[in-house]
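The data below hold one chain only, encoded as structure tokens and taken in the form predicted on its own.
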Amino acid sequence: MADKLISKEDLNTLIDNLAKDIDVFAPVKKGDMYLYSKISSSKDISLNGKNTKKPLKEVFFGQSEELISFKTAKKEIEIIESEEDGKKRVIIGSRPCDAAALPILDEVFGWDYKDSFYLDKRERTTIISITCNEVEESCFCTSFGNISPSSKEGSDLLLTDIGESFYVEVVTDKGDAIIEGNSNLFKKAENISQKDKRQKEAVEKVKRRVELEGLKEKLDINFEDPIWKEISQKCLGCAACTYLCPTCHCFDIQDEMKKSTGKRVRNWDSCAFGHFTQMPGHQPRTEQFQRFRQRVIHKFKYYVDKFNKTACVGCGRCIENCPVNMDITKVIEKIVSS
């Protein structure tokens, strides 16, 4: 699996060729934001823009997803299983932080119960990520060990812009298959020093960092600490942080009916909402600080306890989109220093 080069013109040709036969998703500019969307032409893609507003998880774990449909007739119920189309898929232009979130989601959806809706899409999808030449002020990905503007975690191919061409690092067999199937568009890798220089410069641009040492130990013992009320005072419970987080994965399942037909759907949910964990006659989290605490402890303790990794990739979306300017890095600093 040798590294390659591909010119920017040939990359567009590759995208156009792939889009003829398989589903291709990429960042597309819509208004003043970028969103992952299914595309039919390389002309639709915005590869040099900011990170997308919504994370890559939506391509695998939809915000609203039909699980089954059903029909009723007298006392009979006909259940119709939802079926995927089975087509192969490629995502081009994901940023390394979004790609790094996928192995985190893989643990959840492939753990004790194998979620076929998610896992089927993952199996059929090849991830072609692009290293970040520019970063946002809110980015703090380098706080998480193996994640950076040029990390390969979760990617099948990693492209680095080196001017007229992209340097292509082959990460998995899926990525290698893309190259083998389109070998006329790729050349032998050169300019590795230029690639290394670009990647090093990108890492150095990430100025926001958070020290995680000691955080897990504090979260192991501070569940009842008054600090939770203090640091959560501004939280509105709007759920922007969880909806736009590439690793948050809570969902609710509802049956929707119209006359004799209906469907069962799962929708994104959030621990920030007042009805989250509501049980008949009882709500264990009646105050907002308890819901805020759940989000932080889940990411930096419960997930670590279960899978030995942190459920955060430092993409900065929660910082950038919070309507009251809450900053998870400042929250972590206060917890560690308390």
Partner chain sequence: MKNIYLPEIAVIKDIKEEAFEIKTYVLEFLNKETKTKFTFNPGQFIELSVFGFGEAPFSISSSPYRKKNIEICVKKAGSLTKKLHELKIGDEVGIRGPYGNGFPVEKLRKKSIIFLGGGIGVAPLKSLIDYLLKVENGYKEMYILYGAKRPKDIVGKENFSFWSKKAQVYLTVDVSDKSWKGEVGPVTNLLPKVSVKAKDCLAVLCGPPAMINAATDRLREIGLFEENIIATLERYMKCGVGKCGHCTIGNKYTCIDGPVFTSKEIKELDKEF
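Numbering follows the first chain given and starts at 1. Remember, it's a predicted structure, so these values are computed and weren't measured experimentally.
FYI, the form predicted in complex with the partner chain isn't displayed, but the following is about it.
Consider the chain as shown here, without its partner, and state which of 264, 198, 89, 218 has a heavy atom within 4.5 Å of the partner chain in the predicted complex. Looking at 264, 198, 89, 218 one by one, just 264 meets the 4.5 Å heavy-atom criterion.
Ok, 162, 170, 185, 250: which has a heavy atom sitting within 4.5 Å of the partner chain in the predicted complex? Selected residue: 250.
Taking heavy atoms only, is residue 310 within 4.5 angstroms of the partner chain in the predicted complex? Because no heavy atom of residue 310 falls inside 4.5 Å of the partner chain in the predicted complex, the answer is no.
4.5 Å heavy atom contact, residue 81 to the partner chain in the predicted complex: The answer is yes: residue 81 has a heavy atom within 4.5 Å of the partner chain.
Any chance residue 29 has a heavy atom within 4.5 Å of the partner chain in the predicted complex? Heavy-atom contact with the partner chain at 4.5 Å: absent for residue 29.
Check residue 177 for me: does it contact the partner chain in the predicted complex (non-hydrogen atoms, 4.5 angstroms)? No - in the predicted complex, heavy atoms of residue 177 and the partner chain never come within 4.5 Å of each other.
Any idea which of 95-103, 199-207, 113-121, 146-154 reaches within 4.5 Å of the partner chain in the predicted complex, heavy atoms considered? Answer to the contact question: 113-121.
Residue by residue through 267-281, tell me which have a non-hydrogen atom within 4.5 angstroms of the partner chain in the predicted complex. Counting only heavy atoms within 4.5 Å of the partner chain in the predicted complex, the contacting residues of 267-281 are 269, 276, 277, 278, 279, 280.
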